[in-house]
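First comes one chain, alone, set out as structure tokens in the form predicted alone.
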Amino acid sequence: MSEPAFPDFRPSGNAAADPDLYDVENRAIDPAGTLLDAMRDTAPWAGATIVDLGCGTGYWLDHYRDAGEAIGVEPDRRLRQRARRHHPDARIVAGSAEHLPLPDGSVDVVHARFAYFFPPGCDAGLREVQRVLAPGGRLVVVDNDHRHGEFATLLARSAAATPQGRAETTDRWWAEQGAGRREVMSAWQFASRAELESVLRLEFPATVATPWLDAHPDATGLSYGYVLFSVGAR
């Protein structure tokens, strides 16, 4: 039986373009666990049912070992197949923010890392997440901090990645949803200079990546700010 396709789905420019390199990027994220601790503090998942919305290759599913059940939801068929190969015991399903193949009120926590929630125009996905959240449940969205950290500087230099006013638009939309907002300063730390260079060139055009790399010849990482937006079940 074939799995559904999602005509409104747009492939990511990083994970879909080079899944192997995107996993290198994932391994570099948050070496001290600061971001993960903030996510856990915002919505604890020990013993809970948690959904990784837009789970990609499934890299982060291993971080939910203390959950009661972790479910990966991914619309990209190729990434979904890769996640299943890497995590044969995990529950990984075809779905998207607007189309979650889960019963009403069946989930305690939903995580979305850089997936779907790029306001405005996110209302349909938020309504669908609210449908599957159980009473007391919570959605936690991980977004880039466009104001603080070296990564924010790179974003500011890349018009394609950061439309003018993106931070203000995002903050305003989430405030209108009654969401909490939390800034977390963390880092990327790579195992080698070559990994850093490859990932920056995946994420940014050469006109942005090359000058930064030339100005930081010894760097194997950079400071990286995140913003967590969280909203409870309604």
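Please read all numbers here as calculations on a predicted model, not as lab measurements. Residue positions are given as counts along the sequence shown, with the first one as 1.
The protein also exists as the form predicted together with a small molecule; that form is not presented, and the subsequent description refers to it.
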| request: Given the small molecule in the predicted complex, answer whether the residues 15, 54 and 116 all have a heavy atom inside 4.5 Å of it. | output: yes
| said: With the partner left out here, check for me: in the predicted complex, does some heavy atom of residue 204 sit within 4.5 Å of the small molecule? | reply: no
| Does residue 79 reach the small molecule in the predicted complex if we count a contact as any heavy atom within 4.5 Å? | yes
| Though only this chain appears here, would residue 145 touch the small molecule in the predicted complex if you measure heavy atom gaps against 4.5 Å? | no
| task | Using the partner position in the predicted complex, report whether residue 26 sits within 4.5 Å of the small molecule, counting heavy atoms only. | result | yes
| query | If we take heavy atoms and a 4.5 Å cut-off, which stretch out of 133-141, 86-94, 148-156, 67-75 is in contact with the small molecule in the predicted complex? | reply | 67-75
